[in-house]
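A single chain comes next, written as structure tokens; it is the form predicted alone.
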């Protein structure tokens, strides 16, 4: 299933699938999304590492059991609790306006916190991220980093300002799929790894890649294999490693776990929690409310290109966010 489908389109598709089932047509539905399986499947075969580990009625499984069979481990729900949040913001946005997408956006971000930005499609949330990374040029407004007014005119400028961006579509925007894993990981670190003459030794690329493969438990036996050989979760870890191999002050993630399985999803969330505790300022842009609630200590809700509400800490829950959106 294409990740570009909206929730409304997904529900319409499922309705059609059920109608086909009721007409006597046998359907095989392949997905790693637990919600989809429980919504549409009568029976389920769960595979792990090339083997069938469960076969039976979907109704006989709890979600916890389903997760265990899929990942081979017990996953626990964890909610981010900020530690050592800086008193002063590292990033400030003042009255940022992009014609046709957002207007008068003002917010701030401190080191050590994870800020969530959520809203429906067309709310302006993605455009905000793109403007902070230099991919869109604001019509008006100001951006400050560590109390200094900056102009982010391109991704190269954003990188110089120690801002990293993980795009929503890693396949077309975040990775060079036909290039080795090692090359993808070091893509944003080439200047640091190069000599005064601009030469880069292959052994330095492999050494740098090996650090992040081990640190993020990327499932590969050879970093020279193409990135396309990995699962979605491991590919997403490569995109993260690419930015974290540099010194960052701000990390922006647009849909950080789109298209990854439940095990990789928890791994990525725990990684983001640890990065924030180490002092990184993180922005998560997502319409996955469970993801926002579990990982953000402050949430900005956008609608029709404007910020329409803000929630903090214990006030953050899915229903509160939905109440603001509506």
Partner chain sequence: MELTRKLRRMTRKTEFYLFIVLVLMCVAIQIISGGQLLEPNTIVDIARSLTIFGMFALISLVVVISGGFDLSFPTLASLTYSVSTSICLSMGWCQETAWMAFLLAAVIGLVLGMLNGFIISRFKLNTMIVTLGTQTLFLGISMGLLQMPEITSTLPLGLRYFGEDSLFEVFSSTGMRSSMPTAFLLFVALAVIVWFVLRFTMFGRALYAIGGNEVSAERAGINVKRTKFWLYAFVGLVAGIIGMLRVCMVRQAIPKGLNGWDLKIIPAVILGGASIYGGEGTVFGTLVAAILMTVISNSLLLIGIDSYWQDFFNGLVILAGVTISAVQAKRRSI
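Numbering follows the first chain given and starts at 1. What you see is a predicted model, and the numbers here were worked out from it, not measured in a lab.
Heads up, the form predicted together with the partner chain isn't pictured, but that's what we're talking about next.
Novice: Heavy atom to heavy atom, is residue 183 within 4.5 Å of the partner chain in the predicted bound form?
Specialist: Flag for residue 183 set to yes.
Novice: Against the partner chain in the predicted bound form, would residue 233 count as a contact residue? Criterion: heavy atoms within 4.5 Å.
Specialist: Contact with the partner chain, no.
Novice: Spell out, yes or no, whether the shortest heavy atom distance between residue 173 and the partner chain in the predicted bound form is within 4.5 Å.
Specialist: Contact with the partner chain, yes.
Novice: In the predicted bound form, does residue 100 come within 4.5 Å of the partner chain, counting heavy atoms only?
Specialist: Close contact is absent here: in the predicted bound form, residue 100 is far from the partner chain, nothing within 4.5 Å, heavy atoms only.
Novice: Considering 88, 222, 247, 74, which brings a non-hydrogen atom within 4.5 Å of the partner chain in the predicted bound form?
Specialist: Exactly one listed residue reaches within 4.5 Å, namely 222.
Novice: Considering the partner chain in the predicted bound form, which of 135, 107, 161, 110 comes within 4.5 Å of it through any heavy atom?
Specialist: Here the answer is residue option 135.
Novice: Given a 4.5 Å cut-off on heavy atoms, tell me which of 236-244, 138-146, 111-119, 79-87 is the interface stretch with the partner chain in the predicted bound form.
Specialist: That would be stretch 236-244.
Novice: Honest question, do 179, 188 and 202 all end up within 4.5 Å of the partner chain in the predicted bound form by heavy atom distance?
Specialist: Verified in the predicted bound form; spot residues all in contact, yes.
Novice: Though the partner is not shown here, which residues of 149-168 have a heavy atom within 4.5 Å of the partner chain in the predicted bound form?
Specialist: Residues within 4.5 Å: 155, 156, 159.
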